[in-house]
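Given next are two forms of a protein chain, the same chain in both, each as structure tokens and marked structure 1 or structure 2.
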Structure 1
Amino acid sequence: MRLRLSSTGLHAQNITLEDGSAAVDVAYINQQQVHRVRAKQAVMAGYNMMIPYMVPEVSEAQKEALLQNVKAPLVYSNVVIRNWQTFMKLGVHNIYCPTAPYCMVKLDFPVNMGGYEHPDSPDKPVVLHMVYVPNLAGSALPSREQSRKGRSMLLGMSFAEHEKIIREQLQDMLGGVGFNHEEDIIAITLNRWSHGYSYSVNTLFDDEDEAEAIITTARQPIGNITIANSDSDWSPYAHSAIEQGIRAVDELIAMQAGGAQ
């Protein structure tokens, strides 16, 4: 196996060689140069919604199914605070806030690594992990449309706007037990994904049987190209990515066993 780091896949296409055997051509860009590699078979394990733009042979039905996986925008913010006495006073380590911009605020996991040791006293600085899913809650818009509009909103937000939201929310949550955002916040980092989590079945908007049919159609092999990634299970988690990778490789093996070249 050869790993081509810092490379972006552009195109994959089934071809027939001069001897009649089948192969797949893959084009990718690296250091502003386009390269091509050829293999007997290939697995597309990236963002599934991009496959119709990268694999020209996708049928209209499969293209439409793949385009149903609209990823949710996502923000992970890490906030270093001077101490965590306020959490001790409240007796909590994880706070859910369903109507606030950041739906979850928690003390980060106590990890010891190398020479770093996690703070073992509430008098010491600690990292708060905060999760924000930009959407239009209460708008009655379908989940996919909320994600599209939330993505647009996220891409237009400056760091200063994010910082203002974080400071106001933490002050509202913790101010009653002595928190002062001007003194107690030491640092803020943002991790922003305009295309974050894979779409998942939402029974407020989706029929489960219809959704399963869409998922099955979307991940059908395209000649000697199979489809993986957690997107192909409509799930944003690592175990789904592993399971879908196994399924995609099993499909390649079945093709070979069935006489596919």
Structure 2
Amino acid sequence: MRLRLSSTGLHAQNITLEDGSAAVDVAYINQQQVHRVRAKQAVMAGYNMMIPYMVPEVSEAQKEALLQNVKAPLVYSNVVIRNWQTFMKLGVHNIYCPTAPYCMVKLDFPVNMGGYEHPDSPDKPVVLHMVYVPNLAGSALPSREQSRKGRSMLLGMSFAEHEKIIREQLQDMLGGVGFNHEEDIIAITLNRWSHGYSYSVNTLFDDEDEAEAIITTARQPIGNITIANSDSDWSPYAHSAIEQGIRAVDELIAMQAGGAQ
């Protein structure tokens, strides 16, 4: 096996060799040079929505199905606060806020690791883990459209705007029990993903049987190219990534066993 790091796949294509056997040609770019590699079979394991552009031979129906996986943008913010007495007063460690920008605000997991020890007293500073899915909640737009618009909104947001949202939300939530954002927030780190979570079935917007049919169409093998990634199960979790990787390789093995070249 040869790993090609810092290489971006551009194009994959089923071909027939002179002796009649089948192969897959993959073009990739590394350090501004385009290369081509040939294999008997290939697995596309990246963002599934890109496959129609990278494997243009895919059928129109499958293209349409693949394009339905519109990832959601995601922001994880870590906010260090001076102490967590406010959480003690409220008697909570995890606050779910469905109508606020940050839908979840929680005390970070109490982990000791490599010399780092989690704060064991509410008088000590602690990290708050805050999750924000920038969409247009309440807009009545379809879920995919909300993700697209949210992504463009996120790309245009400055750190100052993010900071303002965080300060206002924490002040609104915790001000009643003595929190003062000007004194109590020590540091903020923002982690932003324009394409965060895979699309997943949302019964507010999707018919479950129809969604299942789209998923099945989207991950059909294209000749000797199979499709992995958690996207291929419309599930944004690591176990799906593993299961779908196994499925995609099993499909290749079945093709070989079935006599495909």
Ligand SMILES: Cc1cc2nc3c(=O)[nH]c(=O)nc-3n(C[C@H](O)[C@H](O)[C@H](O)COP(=O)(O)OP(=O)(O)OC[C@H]3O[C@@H](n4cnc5c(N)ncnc54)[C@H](O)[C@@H]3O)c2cc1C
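Here, residue number means position along structure 1's sequence, counting from 1. In this text, rigid core is short for the largest set of C-alphas that superpose within 1.5 Å between two forms. Only a predicted model underlies this, so the values are computations on that prediction, with no experimental measurement involved.
Taken from the form predicted together with the ligand, structure 2 is distinct in origin from structure 1. Core-aligned Cα shift between structures 1 and 2 at Ser7: this is 2.4 Å.
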